[in-house]
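Single chain ahead, by itself, as structure tokens, in the form predicted alone.
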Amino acid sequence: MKWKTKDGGWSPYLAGALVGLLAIASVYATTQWMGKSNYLGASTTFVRAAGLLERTVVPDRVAANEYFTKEKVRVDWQFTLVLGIFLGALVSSTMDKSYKLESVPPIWENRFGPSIGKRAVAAFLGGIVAMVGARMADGCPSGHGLSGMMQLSVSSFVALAMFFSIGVLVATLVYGRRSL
């Protein structure tokens, strides 16, 4: 098995196997230490981070918020997992020399031009749509794709099929069809 791709990146088979082991380890560790199984996911962490920020400004509003009563505003193991994803990606891309700062990715520039502002607004609005969708689906693609599939959850199969279908549709609409 090749551990690296032609461009020097990680093999998707190795990365997938490592993520699978991480998912199993997270269930085992949280069951042992917390008394209940917790699965991989990221979208709740971003909502909690927003709650942490909001709590510094209007703590009464956060305390009275029904969602934050259910999903406690705290830094927990999933919060550190999301930080670890960022740091791991940074270390990995630095090690394989693929790290680069781009204000406007080439594929975006080819389609929409070099405007940093336009790209920032689109990324911000896309993030909002993605987060609203993740909350409506009661989880993000990583949560449904890794944890839900690991549990053979029918709702996760449906949610993941929708995430990918809509993603392909939107990418086709935004970037157009590529000639092969």
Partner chain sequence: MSTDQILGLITGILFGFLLQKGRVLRFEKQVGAMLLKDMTIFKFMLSAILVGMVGIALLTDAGIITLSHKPMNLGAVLLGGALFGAGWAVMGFCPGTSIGALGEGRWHAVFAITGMVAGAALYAELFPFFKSTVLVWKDFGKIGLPETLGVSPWVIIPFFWAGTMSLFFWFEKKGL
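Computed from a prediction, not measured in an experiment: that's the story for all the values here. Positions refer to the first chain, counted from 1.
What comes next is about the form predicted in complex with its partner chain, which does not appear here.
In the predicted bound form, no heavy atom of residue 60 sits within 4.5 Å of its partner chain. Its partner chain is not drawn, but in the predicted bound form it has no heavy atom within 4.5 Å of residue 56.
Its partner chain is not drawn, but in the predicted bound form it has no heavy atom within 4.5 Å of residue 113. Using a 4.5 Å cut-off on any heavy atom, the residues of 102-133 that reach its partner chain in the predicted bound form are, in sequence order, 102, 103, 104, 105, 106, 107, 108, 116, 119, 120, 122, 123, 124, 126, 127, 128, 129, 130, 131, 132, 133.
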